[in-house]
Ligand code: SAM
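Next comes just one chain, in structure tokens: the form predicted alone.
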Amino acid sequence: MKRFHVITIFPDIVTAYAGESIVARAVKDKLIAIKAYNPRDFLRGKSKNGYRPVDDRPYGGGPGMVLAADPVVRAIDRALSAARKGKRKTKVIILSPQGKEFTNAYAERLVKRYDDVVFVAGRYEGIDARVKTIFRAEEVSTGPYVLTGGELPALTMIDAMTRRIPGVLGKFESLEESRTASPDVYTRPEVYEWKGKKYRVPKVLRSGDHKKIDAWKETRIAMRKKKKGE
């Protein structure tokens, strides 16, 4: 079983996604396990007014707040404790816009090399850099954009990795990159009418000639790649 751990101050985001679709089925079938850890639960001491902040002002000044090292370190350490006992191979990843680009190939490597993966979802202006040093964590980005937190990138990576675990995808599903799949697909009816205009399924797809159909798919794939500049 692959185990995914997410360090986040918004654990409900992770729980909600883990309860749906293919990911939920993989959890039910015990192919994967997903657990969220809230750094607030690892704070030492209690504040007088009941508020338990996990962030603080950055040294050297600057805008915004930074997630403090201690509660995040303790949360990660808890996530890794079971893995250590079972001598499982582990990886700690910090989601960051400045990180290494996440790709299908990288997802495949993670699935093959590690039993447990810990995702640290940052907020505010980032995470105390000592967290990365302590766990030799790798910073990873899912795209050239900035989000308000690392939860969505973490779930994106979990989804991409889950699909690559043997037994997760069923009979009618497969990895798109491993088969000839056109970016344009159609289903019944053959002619769909909307606001007086008719939209037809390409004739070649109704021909039954698999060689011509495969050639058509390859052409569509090439056109899409050219458009994307690949």
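Quick caveat, the model's predicted, so the values are computed rather than measured. Numbering starts at 1 and runs along the sequence shown.
The form predicted in complex with this ligand exists for this protein as well; it is not shown, and the discussion that follows is about that form.
At a distance threshold of 4.5 angstroms between non-hydrogen atoms, Leu147 is in contact with this ligand in the predicted complex. Looking at Pro153, you'd find a heavy atom of it within 4.5 angstroms of this ligand in the predicted complex. Ser81 falls outside the set of residues with a heavy atom inside 4.5 Å of this ligand in the predicted complex. Within 4.5 Å of any heavy atom of this ligand in the predicted complex lies no heavy atom of Pro71.
Only one of Val131, Leu95, Ala75, Ile158 comes within 4.5 Å of this ligand in the predicted complex through a heavy atom, and that residue is Leu95. Scanning Asp115, Glu108, Glu138, Glu125 against this ligand in the predicted complex with a 4.5 Å heavy atom cut-off leaves one residue, Glu125.
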